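Alright, two takes on the same chain below, each alone as structure tokens: structure 1 and structure 2.
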Structure 1
């Protein structure tokens, strides 16, 4: 049967309502009256800021901003989400490079898609079934293609698992186990079929939300050297190269056929992506609405120090409750946090209220009590964090730390995504609470690249920061991607298990049981039980739910913060005044 309505539509309702109330947009280039109707022409700017793009390789991308922007400008896949803020429409895949949204005749245990006629790469070559098959194969080269959501294919694709808990197929560079992959993914003319170990009804939605199943050109693949190479099949292509720390310019791709694309309006003639500006520098320009910032949008949030000036922006200011939860997590490879008492002490000493206040207060954050966002069906507060309170419990933390085997004071290094006044203030707020309990905390801000550092298994930190939103509306897109060691931990990377957590046979079985549960309510209960176990082990400590605070330039048209792009600016429908 063809996919009709994904589960994501349920959880999107609250986000969509928030967006609509704050000037969110639609798919016609007219955004609730806060900017004019978009038309073709002009040059637009995207301020990336100091949080550099870490990957443009589609199989390695896993940061929401980059997934959204690339999928609106230069990467297409079999299906995609439309540019809509409607809670159902905006979370229901539509055909993109495929002729329909996929068919299954066995309840989701296999899915088939047929590639459209007339879709091409930027050099004019046809996009083929084999390009999709090759793109999928790259996920299995875990020594080269690091950082993406390969865990889903490891869990579902009908490829055997080895003694190390990882697939026996090792990707297209070594071709070890290639025969297994060739049976699981097949091409028949323009039709590609994926075969799974168990039913995967949400498979088309995973394609729409992520980039891991995008097509890729085998003849242009240079492995890790292609990290910033962009082989476009969308409306724009990179003009020259991408310069890390500076950015790049995207121009129209003459081999994109608009008649094959139901989503991307491609209004501006060019998009100039700029890295390196501080949040303060970006927003001084945006608030003044001066110079070329008039033609700009950003995913950087209005700094708290400038929040009192938001009225200067008028209806160019939007506030959106995001689907993302921020958290900290102890490193289980750390000599300190191998000790459960040390982890318990860290949890009890964590002052979430101070973190939120330092980050701008209730206009910027809502306290979280789980790594799972409340918008995900079946969400339950994690009882393991009840004892923390909003501000921690210093005395209880001291008592737990007394049982910790590490020498006193307990020296720890907190590695976080830093480099802005706000992030540094928030890190200092956590340090104050931890040190009050008896830790001696060293702050280690990473200013340029972040995830590529903390994803190294031997990275030198004791505590780190993470941020996560469900890939689609299931706790199964939160807990396993973050804490299933079987699909995360390899010799070259910890995947998204930044704290190198290993739950062992007990947690592995709990995860498997939750995956296998066909009843959605019962499955939600099982995921909540896994989450509670993670809390008992202090695999993570929840901080808050992020609220987006954006300002865009006055000459931007059709501005939209759509649910289909998780509340970010939807570049599929944005234009500029000419």
Structure 2
């Protein structure tokens, strides 16, 4: 998932946001520093971050925070992740609306699930197999249901791809190609079966961490107009409407049966989601533990400028590693960086420590040594980046630059996503390091137009910035989306391959092999090998892993930053003192 700054469209899912060394994070699923005993009742508050919720439609959601929160409060899936901070348990799906975690008889080429008895929608209707099938079909209405992770389904589900690169099935609204979909997804009583073109061994994990296969009600579907509509099947339902920019209030859903739900504790009576407050306003109240903030949790990070006051919060302050990695990409289409020696020099000159300091320091970022987050299977420190050291190696970089064909000083343009408080300083910090080694860097900050510029294959830049987190716990949701030239590079766009990296036959084959590997552990090793190759080519230069710094209210009980929700607050187990 791309970390979009300043749009920050952060679709989060990677797993295993392991606890950082310091800070008062909780160690297990449902305890924290709070003495209060978890019990039902009370009103809890969730402060939504600077970026408002964009979609509550399950098939359109792609932001980690929203995927997590909705899954914990009002959307259930066939399988879901338990509220656990154990790196294995917290990333192993358990049955939720289904009776088990799915069965496959052909190594992942088809998956079957059976819907539980007694599970209901908020209006009392039973959740049926057809609801799941309908939900899946909505992904194909690419002119209405946009913004979600439907592409994975397009790659795998056994529906033919048309000449335009889109599936021949056009979704339930026009029903074009419906017969193909009806063959790929079938209902037999309460059992739903999905059939794929190729094996998809971690399919259950993908539906536990994304919401795109959630059930949906055909009779209540209004297409785009349902963007903020919530048809709940979890413990809470929306009271009144959702107001973009203000938020909404969730109350108990009487038709949710606790006995069918192994995950959601649903302690508070209400959840008040608030959009539109500033970070400072929220964090002043959270630090002082005053007013409404006593009952609040948030996915906003403690602003670096307030970090020195974290001790005021005592054990209400927690620190966790995020599932994201930030990096810079040399542009393989640029005159300078076509030359491997120039890329090598850029790598060696990159001062990660200065970048980190300018962004808020070591409490906010940890140096990264691979584009794969350490929480994702397949992560190995990439040996290609050992030589960088903490602050780069200006001498070695100079030596490497001597071999670079471009005329000295080597003029380069760094195009990055500006407009956030720190991004410009971070870019200047990198420039300082590069210039020391003999580059002459021009900074080119872009804001809203950033992605539309760097996605052009002929765009005029030499280095650019990127950020990514896995869609689910697999390096297969990191490396191909970023570096597989076959899916990214089309005539007028480079997709997510902003550096226009073309691995050629060798890398293509390695990627195909890793995809085809049915054993998930063996697949992880194969992804690590692809990553090592990317490092050799300097396809990217890793910068850092964001560290989350959170504070929650003093009347919150059971606070936990679980790996099952990417290190965010796990709303499934949080309660409030009355």
Partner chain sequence: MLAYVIRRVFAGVIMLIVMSIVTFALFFASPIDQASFICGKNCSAAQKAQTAAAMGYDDSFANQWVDFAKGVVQGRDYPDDPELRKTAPETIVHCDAPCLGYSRERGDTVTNLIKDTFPVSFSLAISAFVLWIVGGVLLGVTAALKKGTIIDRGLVGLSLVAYAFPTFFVGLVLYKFVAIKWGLTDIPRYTSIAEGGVGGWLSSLTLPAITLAVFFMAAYVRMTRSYVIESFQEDYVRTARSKGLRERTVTFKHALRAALTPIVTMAGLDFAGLMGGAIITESVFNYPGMGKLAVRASSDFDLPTTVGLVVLLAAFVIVANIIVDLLYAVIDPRVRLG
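Residue numbers count along the first chain shown, from 1. Remember, it's a predicted structure, so these values are computed and weren't measured experimentally. Just so we're on the same page, rigid core means the largest C-alpha set that superposes within 1.5 Å between forms.
Structures 1 and 2, same chain in two forms; the form predicted on its own is found in structure 1.
Summary of the rigid-body analysis between structures 1 and 2: the C-alpha atoms of residue 316 and residue 47 are best fitted by the same part's superposition. A two-part rigid-body description fits the chain between structures 1 and 2; in it the smaller part is rotated by 33 degrees against the larger.
Core-superposed comparison between structures 1 and 2: residue 436 shows a Cα shift of 13.5 Å.
Relative to the superposed rigid core, residue 379 shifts its CA by 4.6 Å between structures 1 and 2.
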